[in-house]
Every structure is written in structure tokens, then in C-alpha cells.
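Starting off, we have a lone chain in the form predicted alone, written out as C-alpha cells.
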Amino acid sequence: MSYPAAVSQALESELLCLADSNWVLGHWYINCILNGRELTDFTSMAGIAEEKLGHARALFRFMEEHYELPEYQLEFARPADQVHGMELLDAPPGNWADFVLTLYLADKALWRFADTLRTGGFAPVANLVTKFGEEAYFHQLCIDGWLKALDEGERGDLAAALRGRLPPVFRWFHSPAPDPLLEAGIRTEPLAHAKDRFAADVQDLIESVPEGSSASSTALAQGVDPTDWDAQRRRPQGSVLPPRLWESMTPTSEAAKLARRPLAVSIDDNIDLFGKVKKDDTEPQF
């Protein structure tokens, strides 16, 4: 199906918001995996990281084909200031409770955002989102378990973290009107409604901590300054991923670059582990 240029461009930006946020979130799990409390935490975090990165890469591959982009450009060839990752995920977790809370908020927000595309008229994206939702359900079960296991001191850490984490995740849903994707039928629900659904999803958690409702009301009331907002990346104008986070996602050392090359490139390498051997016509060829 062919869409007008404005619709196609808006879809590309929104898919990057979804893909890049999963990409960053996957690396949150990787970077924090050693902070798990028990063996099941480590295995769960490794599995979820793999699936989050898989979601991102599935969207990258789809976009490369749909928009006729160079292969692997989205994952390996963009600078940090072109990444559409959630502002929520910029600041590293201060403690275990902050880590779990941020996973919870990011996962809920990603689903409500993606769900607006799930029943839309663009089947390739709708099908991808449906698959992501099936896997995200199990991610949320793990996160819910971590939340329930927090002790009294950690509940205090969670309450403190909530005040800093809510404003950026609520801002992420901001969308200027009119919405080209909504008008084209690719999105079937305004993002304002998705934001309300997200707020309802997290309300029980918010109300379970001291002053949680007050923090939520304050965050909702903050709004977005359109003059300081990059609508395409859903981030403040000029903001970029922190250098240490970006380096963990796309290492710049030569050894890391070799290790992280796409399989389609690395399988063509001719690496001789035992030194170069001169072949002649009499030598068996395999």
C-alpha cells in the first residue's frame, strides 16, 4: 500500500521511536544483568534483553526493506543524535528499585504506544506489533515479580525514583495535531488515549507508594513546550543518549567493531587461524 510522503515520513519516525526504545531497553538489561538478586534474575534478564533487541532488529530489517535503506545502516551507521530512544532511559538507575520501576514504566509505555498501530490498516506493522505484544506479556510477569519482592527500604527507593521517572514517560506520548497516521488509518487510537491507558495501567503502582498520586498529577500537568520538543524523536530538542550508554550499544573500539559486525558481513571473512598456507594444484581442495 502506498501512502503520501508526509504519512510515510511520520510512520518512519514512529517506528524508529519504537525500535530505538527497544534497542536502548535491551541494553539496560545487558548493562544491569550482574545486579540481579538470584540465578533466575540473570536468566530472565538475559532472555528479555535478547527479545528486546530482537524486536528492534525486526523493525530495523523491515524499515530497511520498506524504505529501501542500506542494509544494517540503522543499527550500525547512525550517530547518537539520530537515535529516537526514550528520554526515560537516558538516566541510569540509581538502585535496584529504580531499575525495576524504569523497566516497568518503559514496558507499559512501549506497549500502549505500539498498540495504537496493532489494529491499523498497515498489516506488516500490525503483525509485528502483535508478535511483540505476545512476548512482552511474559516480560511484564517477570517485572511484576521483581516489584512484589521489593522490601520496605526498596519501596522507599521506588517512591523517590517515581518522581523523576514519571515526567519523561508521560512526555513521550505527546503528539502534535493533526496526526497523519491516525488520519491514514495506520493508527487507530490517538496517542492522548494511549497515554490515558498507560496512566491507568500504572495507577495501582503509583498509589501504592507514599505521595505517588501527587507525583503522578504533577508529571501529567507538566506538559510539553513545543518549541523545545523534537516531535520526530519524541525527545527534547538537541538531546542525545548519554555517551556511556551509547558506547555500550555501539562500541567504537576496533576490536568491538569486528565482534559486532552483521553476520552477513562476518561470514565472508577469510580468517586463517594457523597462518597462511600456500596451496598448489596438487593440494586437496575443500
Partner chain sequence: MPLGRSTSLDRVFEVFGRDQAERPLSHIGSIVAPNQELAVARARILYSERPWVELCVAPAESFMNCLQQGRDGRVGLA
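Keep in mind it's a predicted model, so treat the numbers as computed, not measured. Positions refer to the first chain, counted from 1.
What comes next is about the form predicted together with the partner chain, which does not appear here.
Student: Spell out, yes or no, whether the shortest heavy atom distance between Asp151 and the partner chain in the predicted complex is within 4.5 Å.
Tutor: Yes.
Student: Looking in the predicted complex, any heavy atom of Trp146 within 4.5 Å of the partner chain?
Tutor: The answer is yes: Trp146 has a heavy atom within 4.5 Å of the partner chain.
Student: Closest heavy atom of Ile48 to the partner chain in the predicted complex, within 4.5 Å or not?
Tutor: Result yes; Ile48 sits at the interface with the partner chain in the predicted complex.
Student: Answer for Gly36 alone: is it within 4.5 Å of the partner chain in the predicted complex, judged on heavy atom distances?
Tutor: Yes, Gly36 lies within 4.5 Å of the partner chain in the predicted complex.
Student: Out of Leu205, Val129, Cys142, Ala159, which one falls within 4.5 Å of the partner chain in the predicted complex, going by heavy atoms?
Tutor: By the 4.5 Å criterion, the partner-contacting residue is Cys142.
Student: Tell me, which of Gln222, Thr40, Ser248, Ser239 has a heavy atom within 4.5 angstroms of the partner chain in the predicted complex?
Tutor: Spelling it out, the residue with a heavy atom inside the cut-off is Thr40.
Student: Is it the case in the predicted complex that Trp28, Asp98 and Thr102 each bring at least one heavy atom within 4.5 Å of the partner chain?
Tutor: Spot residues vs the partner chain: no contact at all.
Student: Given that the partner is absent here, state which listed stretch (225-233, 240-248, 40-48, 61-69) has heavy atoms within 4.5 Å of the partner chain in the predicted complex.
Tutor: Of the options, only 40-48 has residues within 4.5 Å of the partner.
Student: Which residues within 52-76 place at least one heavy atom within 4.5 Å of the partner chain in the predicted complex?
Tutor: Stretch hits: zero.
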